[in-house]
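Heads up, what comes next is one protein chain in two forms, each shown on its own as structure tokens, labelled structure 1 and structure 2.
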Structure 1
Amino acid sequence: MNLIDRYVAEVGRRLLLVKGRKDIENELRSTLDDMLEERASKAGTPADEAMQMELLKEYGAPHKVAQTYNPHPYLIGPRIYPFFTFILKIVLAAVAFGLSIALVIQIISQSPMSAAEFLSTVGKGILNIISVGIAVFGNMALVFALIERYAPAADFKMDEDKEWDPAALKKEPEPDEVKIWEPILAIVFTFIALSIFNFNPQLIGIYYLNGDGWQVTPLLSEAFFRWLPLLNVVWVAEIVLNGMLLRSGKWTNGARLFSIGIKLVQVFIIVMLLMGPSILALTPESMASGGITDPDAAGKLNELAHTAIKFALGFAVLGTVVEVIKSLYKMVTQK
């Protein structure tokens, strides 16, 4: 293997994920051979290693050469960046707002508290807001980076690319039109789900009163929380989708496709939940501690709950599949 071969291999190694890597390598090798030959004939001596070294030095470091071929130099490019910041601002504001309210409620429900307790609760609350904010930022960046890489430019034309027509102001409502409150509600509720499931899962439970005051027993099991990371991606994707709808004001084919993709992932998650162990954390014992003292009744009730949740999941799959079919139908009939 001569120096040029090694150099080409080194450039190729940095283009592993780029389409047409072999082609690029072959073209680079043929160019370098041409250049070397030209230099040798100019110098009147056969090409030697020193000449190769000089040529490669001029051509540049392999990582720099590889970089020029990179079709995706951006994580989130200028095409979708304005949209990314638009959604990010809405979501971060919702995060800060929602968690601040939660913090105030927590302080009220725990008062009277000492100054030290108060400071520690506020401190923890603020840290919580910061860490949720960072997590939301990360998830959004991930989803947008995927859009940047895999969404065809034509499907995700942003408002800036389109010619604005003042006639749009007096247009009749269309069947594809999105009512403005729908995506807003969807964003708010998705965000609430995100924050509760991720940061306050203890809130999801069965509440009951006994001698020591309000008690809560967890409702969902580990089998559910195992799927939380993928659910998070789905939820963030929903926020992005609703942001798109909010911005464009109507269902485009791109938005429908995106929505179908999200629903298919949902179906996958629900089917996995159905096939795995029960997602309910209820046991006859936890029911007994919740006030159902008859062990027989607790057992029966527990069994009933676990069967009911399976049915609920089954219906959720059916419902989601019906929605996918509806979206597909609308896509086909949409002009």
Structure 2
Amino acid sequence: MNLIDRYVAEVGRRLLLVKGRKDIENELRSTLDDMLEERASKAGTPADEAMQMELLKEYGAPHKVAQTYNPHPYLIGPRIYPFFTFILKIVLAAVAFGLSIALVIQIISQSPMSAAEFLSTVGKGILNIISVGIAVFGNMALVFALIERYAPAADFKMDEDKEWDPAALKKEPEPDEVKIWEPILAIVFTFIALSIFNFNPQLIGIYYLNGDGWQVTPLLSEAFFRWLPLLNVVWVAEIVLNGMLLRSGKWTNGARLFSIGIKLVQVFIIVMLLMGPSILALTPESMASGGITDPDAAGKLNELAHTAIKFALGFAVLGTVVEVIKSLYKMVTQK
């Protein structure tokens, strides 16, 4: 094996996951052979090892040559990395804040507690925050890795890439323009919802400590999870929609129609949840096991929780219908 063959093999080794690696190797070998033949012809001497070494040194190190054939040598590229860190901070802060409030409520509801129980509760609460944070980080890394592959950073609407013109100050804001962080944030939270409801439903519950250790009372009933397959379809459609918005940078009539279709399915699901059995699995008995020993108080809280969830579902239907009307209005007025 001569130096060119070794060089091509070294470049190919760095392109194991790149589609068409063999074609790239053949093309590179042909290019180098032609260049070597041209040099030998000009020099009037046969090509030797010294001439090969000179050619390969000028052509570049194998890892640099491999980078020219691999448009995505990194998981999250430098162009979208600032967005990744920005949104990661927001999501982690929101998760930590929410779980901290839940921990404080849990401590208050279980008071009085011994020092050992208090330390155990706080310690496990902190470990829970860390574990959920790690899961969030993994989900976000996956989301941004997919964005890096399928929504190239070159397609992002980056203001800093444009030559600044003072006349732009006179222009009115583009009503259909999409701020880049909006679809990214929507994709991240949708991935988190898919992960929790499908693979970690045990996280959705009321945690309490008794003599047998940590116990959890499920918060959602079977009536909710019966609709989870259709909810998954809606969430995947939301990811696709936000991916389209991320790539185009603006709302189009096609995107609005797609969004309206998603929202109509959401309305159907919410109405079915509202008309069917309660999606809450709470009962006076489960509340009593969680520390509310007064039967009357447990019954009233249970009734209040089930009433509140119905109001929440009703407001969700109203809000979604309003969003559909607004989208239709924008489509009509634009025409």
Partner chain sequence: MANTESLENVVLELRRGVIVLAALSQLGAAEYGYSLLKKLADLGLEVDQGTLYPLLRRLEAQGLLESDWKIEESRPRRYYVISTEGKKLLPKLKKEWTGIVSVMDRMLS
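Numbering for residues begins at 1 and runs along the sequence of structure 1. Because the structure is a prediction, the values reported are computed rather than measured. Between two forms, the rigid core is defined as the largest C-alpha subset superposing within 1.5 Å.
Structures 1 and 2, same chain in two forms; the form predicted alone is found in structure 2.
With the core held fixed, residue 9 shows a CA shift of 2 Å or greater between the two structures. Core-superposed comparison between the two structures: the Cα of residue 124 travels 2 Å or more. Shown in the overlay between the two structures, fitted on the rigid core, is a CA shift at residue 35 of 2 Å or greater. Taking the rigid core as reference, the CA displacement of residue 81 between the two structures comes to 25.2 Å.
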